[in-house]
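Next up: just one chain, as structure tokens, the form predicted alone.
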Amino acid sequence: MSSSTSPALSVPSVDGGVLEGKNDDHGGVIVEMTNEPLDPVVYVSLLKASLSHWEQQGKRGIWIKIPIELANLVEPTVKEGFYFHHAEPKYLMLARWLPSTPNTLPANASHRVGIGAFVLNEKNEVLVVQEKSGKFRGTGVWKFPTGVVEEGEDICDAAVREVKEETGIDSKFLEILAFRQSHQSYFEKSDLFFVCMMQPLSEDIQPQEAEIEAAQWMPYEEYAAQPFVQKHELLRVISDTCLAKKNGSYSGFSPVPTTTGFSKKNAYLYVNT
């Protein structure tokens, strides 16, 4: 068994033979296991002693982060009353509520965030693509560049990135025109989709070979007149909103740099100016 000077990484034992963790802001404990091998029998003994210790201290939610290298410790952790909270490529987070009161631990993140980019040039042409995969494959439907916001990425930056990746076009984020919330979508999660107004900074299109069948600048009226757009209520409303923006009768939400709460982290507040 080994130890470390960092509470977040020092695992096997501290005074009293319990797992070492750090207190969270809500009366709980977070234990982050290192990826060093640990005998399951020794681990279970430490875990049992730790639970008793934390219960005596009046702790509430207990979190144990198990790296993929220690996957053999997942089953004994579950047998001690823990449940799966969330998983990432390199770890599994398990949780247990100690008091006899109702469990108030927050659920795993419930939403995925996506963007659709409305890129309109000075010729009244909109940037559209045809996809090689997904539900639009082989349909002949022209659509806005779309994509998923990555972890730690702002919506405005994601829109710029997706436009560049799918079409090779450099662009500038202007506004969020609208957003849609749907449920039971991606792995039973909810979905937030933001329609973003973009200003093109280049003209020459270079479609992404892996995902994009074709890309072009299309007159906006031609895009909006597609039967699929007219028959699909959501796409029709989005199209009408983009048209209203193009005609100057609608205003979206622009990003204003701010800082958040006690952490003072940088963030954008999207406001109608």
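Quick caveat: nothing in here was measured; it's all calculated off a predicted structure. Residue numbers here begin at 1 and follow the sequence given.
The form predicted in complex with another copy of the chain is left out here; the points below concern that form.
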*Can you check whether Gln226 is within 4.5 Å of another copy of the chain in the model of the complex, heavy atom basis?*
no
_Please determine whether Phe136 contacts another copy of the chain in the model of the complex, using a 4.5 Å cut-off between heavy atoms._
yes
_Since only the chain is shown here, I'm wondering whether Arg96 would be in contact with another copy of the chain in the model of the complex (any heavy atom pair within 4.5 Å)._
no
*Looking in the model of the complex, any heavy atom of Asp154 within 4.5 Å of another copy of the chain?*
yes
*Answer range among 122-130, 197-205, 163-171, 179-187 for contact with another copy of the chain, defined in the model of the complex as heavy atoms within 4.5 Å*: 179-187
*Output the sequence-ordered list of residues from 22-37 with at least one heavy atom within 4.5 Å of another copy of the chain in the model of the complex.*
Ile30
